[in-house]
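As a starting point, one isolated chain is supplied in structure tokens, in the form predicted on its own.
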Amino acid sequence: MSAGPFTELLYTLLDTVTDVLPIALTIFGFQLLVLRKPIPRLGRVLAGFVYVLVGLAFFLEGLELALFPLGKLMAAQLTDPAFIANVTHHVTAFNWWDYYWVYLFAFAIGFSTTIAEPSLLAVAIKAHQVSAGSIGVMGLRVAVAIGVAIGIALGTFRIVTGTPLHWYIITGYVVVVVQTYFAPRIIIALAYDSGGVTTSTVTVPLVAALGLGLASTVPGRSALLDGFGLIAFASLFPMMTVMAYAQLSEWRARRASQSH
């Protein structure tokens, strides 16, 4: 007999407490034992930790019950031979372009999950504050989201075609290194960080489910060998788009100043 949803939520809450407890012990331990100072507004801090624990528990359980299965289901439905044959009018021997609905879905899910990513919002707000408003919150979020969307779409193309993962990753990092020499210095470190904040609580479950579902349904693909790797695309391509966004903004500003 399977456990009910409230029992599963309780287990998730206990796991969340176990995961967050080392963070709390580290922070409180350094504050009290190393810095030897009282924790300011202790009641408010403890209340914040409780909110984090409860919120994470609900969020993770919601991902497990809804978003993760939906991502896998959508991948299975979009790669179903009957669906592809219906939209492409090809009966057998599908080509890589016959999976265009998969690429469009991957692009859309990559963009939407990144826009909803709490960690990206936090980084964008901090970047806006420390740059005195020169880095826009929404501009940075959209630039990162476009990078993730392109990366996930290209990653699904890799799974469909069966091409080696390292070709894409090596080429991508070469592009990032070249961009680093030409991008404004103010944006380089932020662009590198933007690749990391995309691999968080919202993006990872859906992207992983999409990759595993796609590799399980495309003929000749292995879920273990081909299903993983989409997260690497989601981390790599935002670096390119954020630096490209900064380069484009700098070029437009320089062009505007020259016209005046």
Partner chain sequence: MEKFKHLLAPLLSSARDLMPIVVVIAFFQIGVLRQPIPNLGEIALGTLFVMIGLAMFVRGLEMGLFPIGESMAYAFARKGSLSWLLLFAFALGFGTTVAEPALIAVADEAAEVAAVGKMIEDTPEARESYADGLRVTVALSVGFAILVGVLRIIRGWPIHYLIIAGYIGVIIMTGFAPPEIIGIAYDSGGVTTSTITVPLVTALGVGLASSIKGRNPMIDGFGLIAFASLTPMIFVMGYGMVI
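Fair warning: this is a prediction, and the values are worked out from it, not measured in the lab. C-alpha atoms forming the largest set that superposes within 1.5 Å between two forms make up the rigid core. Residue numbers count along the first chain shown, from 1.
The same protein has a further form, the form predicted together with its partner chain, not shown here; the description that follows concerns it.
- Among the residues A183, A127, I146, A153, the one placing a heavy atom within 4.5 Å of its partner chain in the predicted bound form is A127.
- Contact check for V142: every heavy atom lies farther than 4.5 Å from its partner chain in the predicted bound form.
- Although the partner is absent here, G213 lies well away from its partner chain in the predicted bound form, with no heavy atom inside 4.5 Å.
- Contact check for P118: a heavy atom falls within 4.5 Å of its partner chain in the predicted bound form.
- Mapping the unseen interface onto this chain, I159 falls outside it, with no heavy atom inside 4.5 Å of its partner chain in the predicted bound form.
- Of all the residues from 149-168, those having a non-hydrogen atom no more than 4.5 Å from its partner chain in the predicted bound form are L165, H166.
- A displacement of less than 2 angstroms separates the C-alpha positions of I27 between the shown form and the other one, with the rigid core held in common.
- Residue displacement note: F68 has its CA displaced by at least 2 Å between the shown form and the other one (rigid core superposed).
- Note: the CA-CA distance for P69 and T163 expands in the predicted bound form relative to this form, by 3 angstroms or more.
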